[in-house]
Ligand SMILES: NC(=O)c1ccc[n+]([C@@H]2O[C@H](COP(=O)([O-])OP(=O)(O)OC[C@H]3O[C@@H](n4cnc5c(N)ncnc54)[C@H](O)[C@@H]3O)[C@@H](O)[C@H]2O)c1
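The chain below stands alone and is given in structure tokens; this is the form predicted alone.
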């Protein structure tokens, strides 16, 4: 069986991914800020390096897959959103790329179906994915007011999806694959504390596969997509953004392909 590394595998979608991979007989190494095989704050450069060093020490002969899942929602400060949702995934993926190359492995990052909605600020997407200067971006983000945190969230995830698309050809040249999964509203610890008003707002547009029911997708459904993309069964899939959102993106952008 294979060796897989996941960030944010303690709860929610990550925990379901870890469960599925483990039940299939794989070894899974979890990087999280608590209850991980290595505990690290991936919103910091020091935390990311600690995690990378720990993986390289444990698996010098390589890993079969990497799932960059750690992230925060739209209620966090913008600086933390940019640091954890974009820079952590980018730096962990690049930092472990050499271990993936040893086994011709694959990487999957967790994006969001909010990457296509109107809250995305394309100037912020360009700043993050084109400039990619974390120190300068963190300084800028400190001045983003709380009411724009949802825009910071969707923009960080759009930048991440763009990065995956951009670098997928160079990864393929090394025999690697990298893809993104874009979940819709999902029942996780992050969403279980929503008020009735927040739940109503989130379900203002009904999830097609949940039509008539006041509920989100299950974390297991998102995990199914991630586990598929990181597996050999997806050997011909590279550089895609897979929407696992119950059909919301298709509903809202039916003319886009």
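Note that the coordinates shown come from a computational prediction; the quantities given were computed from them, not determined experimentally. Numbering follows the first chain given and starts at 1.
Omitted here: the form predicted in complex with the ligand. The next part is about that form.
The candidate stretches are 31-39, 227-235, 56-64, 207-215, and the one lying within 4.5 Å of the ligand in the predicted bound form by heavy atoms is 31-39. Residue 188 belongs to the set of residues with a heavy atom inside 4.5 Å of the ligand in the predicted bound form. None of the heavy atoms of residue 161 is located within 4.5 Å of the ligand in the predicted bound form. Among heavy atoms of residue 153, some come within 4.5 Å of the ligand in the predicted bound form. At the 4.5 Å threshold, heavy atoms of residue 84 reach the ligand in the predicted bound form. Counting a residue when any of its non-hydrogen atoms is within 4.5 Å of the ligand in the predicted bound form, the hits in 42-70 run 42, 43, 69, 70.
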